[in-house]
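In the structure tokens that follow, the same protein chain appears in two forms, which are kept apart as structure 1 and structure 2.
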Structure 1
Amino acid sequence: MNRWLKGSYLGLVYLFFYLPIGVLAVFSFNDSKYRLTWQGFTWRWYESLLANEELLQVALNSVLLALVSATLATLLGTLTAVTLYRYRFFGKKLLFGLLYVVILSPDIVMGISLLILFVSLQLPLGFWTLLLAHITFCLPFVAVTVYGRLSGFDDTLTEAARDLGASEWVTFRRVLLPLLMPAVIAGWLLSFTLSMDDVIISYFVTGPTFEILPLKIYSMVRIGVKPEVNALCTLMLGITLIMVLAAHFLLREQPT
């Protein structure tokens, strides 16, 4: 009985999470432009999406921004985690705590503070300010994820590598990085998702020369969600699922 209750509770939680996503995917095939009732199956919203060059360009902008920011945040976050774990220096605990400050700070605070910084530096708002902002709020998540992996790491492996004459770079590349790869990939996926999803911070630091999908959809929903948006979100969901499955396949334990 207890096992059945736990299973039912878990099922309800997942239903709450994924039911809205399922409704969105179903209505992307609905042959009705304005009604929320099922009018029949159709592919025309996907055909209309492929013909909408403006919406596709905005989606490509978001993907480009997410790819670049996630990659740079993963690189910097991994190096930050390794530095905080392996080396001793003045202010180490303070710097580690500041990572959590960025994670816990409200998005509106981050957005306004970054806007003030960019205006003070006289940086034109656009792709580069968006990129710097996304790296800023993604980097702590990567650092914390990789640091958590390092906390359970066997230090004798790096000591053995140094005893065998390996340099710091060789030890990192041949010993640390392969063992950290699951956390690194998880951090990259998390950063990519956060970048694709961000609205509030991007709203403050974007400019008229570079538009991204979350802000575009936010401006469109004021007059109603078009079926093309449902189709685009369904495609993005499919790409996300493929990425997660690919990461799971790459990180699964190989038989010995």
Structure 2
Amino acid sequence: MNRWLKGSYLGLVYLFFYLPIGVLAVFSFNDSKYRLTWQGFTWRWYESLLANEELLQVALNSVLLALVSATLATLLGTLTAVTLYRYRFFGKKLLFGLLYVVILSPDIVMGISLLILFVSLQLPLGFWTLLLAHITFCLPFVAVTVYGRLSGFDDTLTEAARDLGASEWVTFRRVLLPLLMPAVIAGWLLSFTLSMDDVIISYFVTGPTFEILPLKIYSMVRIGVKPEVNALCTLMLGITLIMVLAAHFLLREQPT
């Protein structure tokens, strides 16, 4: 295979990835409700989003849910990663395996299994059930991200801390956590993204009292293509892009 052929194959696949979302983004600025052709630049679809108070409330709900679930998942996930790295304990391999299985398992199975759980516990479906579900699917991603940073870590630092009389908690708080911070923040950003984008699991554990954005978008896109929806989706794409890029650069710098 020559270089030209390789390059054009790569280009073709990237075009496949980016052309549809690019078209979506461009059309969100198109000054025409139905036409395919470019009718001039406009902000008006974004303005009409901002004027939609119901939609803003739903967006606020989603941001709140993502903030709380990402924070709690990051807390639990980081502790799990450190424990997996630092200690020997019964069932360690099983815990590892379980975290990977949660990442790999199809969303729909997690959605219905949590629905069955919440209904049997007679928990009303709404903010709290969404929160528990979102923490559960974000947690393993954080654990794996942070654990990745720990492998290849300099053990002499934690040993020095212990020799100087630090307790396990102090070692974690003062030595490990500062060094892990980039991975912890990256884990938080990815959790936030996962929470903001999840459709399938949320679809089963949501209730009428707490509407969230991905499900709102789902009900909007089922109706058809509308410029306001294009604008909303473009905003979501922008948020994801910023979060993922930030996480990527945080994880790229090597631990010292």
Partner chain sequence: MRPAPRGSLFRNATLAVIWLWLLVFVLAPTAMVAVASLLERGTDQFVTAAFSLESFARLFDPLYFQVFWNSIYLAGVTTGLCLLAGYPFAWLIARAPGRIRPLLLLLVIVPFWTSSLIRTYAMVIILKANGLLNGLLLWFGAIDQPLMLLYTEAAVIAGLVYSLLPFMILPLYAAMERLDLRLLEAARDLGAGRTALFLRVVFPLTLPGMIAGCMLVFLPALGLFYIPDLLGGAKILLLGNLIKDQFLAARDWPFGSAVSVVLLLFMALFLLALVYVRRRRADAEAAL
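What we label the rigid core is the largest C-alpha set whose atoms superpose within 1.5 Å from one form to the other. Residue numbering: structure 1 sequence, from 1. Note that the structure is a prediction, hence the values are computed from the model and not measured.
Undergrad: Name the structure that is the form predicted alone; the other one isn't.
TA: Number 1 is right.
Undergrad: Any CA movement of 2 Å or more for residue 197 between structure 1 and structure 2, core superposed?
TA: Shift of 2 Å or more: no.
Undergrad: On a rigid core superposition, would residue 212 pass a 2 Å threshold for CA movement between structure 1 and structure 2?
TA: It does not reach a 2 Å shift.
Undergrad: With both forms fitted on the core, check whether the Cα of residue 26 differs by 2 Å or more between structure 1 and structure 2.
TA: Moves: yes, 2 Å or greater.
Undergrad: Give the C-alpha shift of residue 237 between structure 1 and structure 2, in Å, after superposing the two forms on their rigid core.
TA: Its C-alpha moves by 4.8 Å once the cores are overlaid.
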